[in-house]
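Next up: just one chain, as structure tokens, the form predicted on its own.
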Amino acid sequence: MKKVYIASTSCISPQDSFRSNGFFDEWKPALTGTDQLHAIEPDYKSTITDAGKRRRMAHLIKMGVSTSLDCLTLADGSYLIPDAIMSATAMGGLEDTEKFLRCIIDNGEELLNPSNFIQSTGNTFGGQTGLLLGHHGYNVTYAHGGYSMESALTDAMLQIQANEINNALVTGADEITATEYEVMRKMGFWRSGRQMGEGSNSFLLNSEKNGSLCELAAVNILHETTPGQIANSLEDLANSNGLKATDIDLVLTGCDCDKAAEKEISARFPVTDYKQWCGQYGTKSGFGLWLGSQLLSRGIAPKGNQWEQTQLKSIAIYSEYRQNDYTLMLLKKDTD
């Protein structure tokens, strides 16, 4: 089967991660003292140069478009036009959704501003990216809750492996709003102790190895699983990709409510919790994928209170969302 590689990435998160500014310069401990981890946003002038367009974009759109364009930036400052664009979001543009609903109430369903409605849909940042690039090819958005990012990645991988396309831009993004946090708090979403996060993560997947960060070997979506089955699924993931369980150098865990699964995985694999840096949101596994690709390409791994220079060969990413959505991904440092 044709291999799929991560050619480039871009990340906006609660850490100083855009263009990796500072994130790996020193150890970044888990953020404490707050229950909401808001993204550290870059100067959007560097990616969205048109001031008029930038001013009209909502928070989520600016994050998604910025990481998408940054991921596609070539050495000469121009953009690679991808064969396909896949976007992922669990909640879509909540900020504009709330504005539109508030406008309906305040104006008695009359004289409504359509801009907030247009920008509230989940496919807006993918569509905006396509418009800015002049892209007229395949462009689709997945809004599958905790499976959104994995669904978009699976689509891209299948099309590359079927020789339908040579490359694809995959972006996952979600945002925090005060109303969303309050509603989810009342529903008990944060009783696990997880902080709410937000961010955008973009990946250029390619069929060619040249200059790639690593290989994206597998994306698995699990259903109706138990803690022991998750650990076994990690072993099966390794075996089906030509590895032994002991060959997995690190598991980036994104546990939430399932403490039993977390304990089981920690007993059988070396682990690091990636959600300590990004928080909990629907497309958070994109941050885990970004982090894993950076660790493999840079030859570093977290150890104690510092980053240790080490040559990792394979990293698995485990993600759990509210004890409902379980996913696994596997990254390999291709040495062929």
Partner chain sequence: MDNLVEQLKQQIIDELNLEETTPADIDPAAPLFGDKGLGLDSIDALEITMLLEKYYNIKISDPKQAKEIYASVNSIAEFIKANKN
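Please read these numbers as outputs of a predicted model, since none were measured by experiment. Numbering follows the first chain given and starts at 1.
Keep in mind that the form predicted together with its partner chain is missing from the display, and what follows is about it.
Using a 4.5 angstroms threshold between heavy atoms, Pro114 counts as touching its partner chain in the predicted complex. Interface membership of Arg54, defined by any non-hydrogen atom within 4.5 Å of its partner chain in the predicted complex, is confirmed. For the chain shown alone, Lys45 is a contact residue for its partner chain in the predicted complex, at least one non-hydrogen atom being within 4.5 angstroms. In the predicted complex, at least one heavy atom of Lys62 sits within 4.5 Å of its partner chain. Only one segment in the set 34 to 42, 54 to 62, 285 to 293, 305 to 313 has any non-hydrogen atom within 4.5 angstroms of its partner chain in the predicted complex, and it is 54 to 62.
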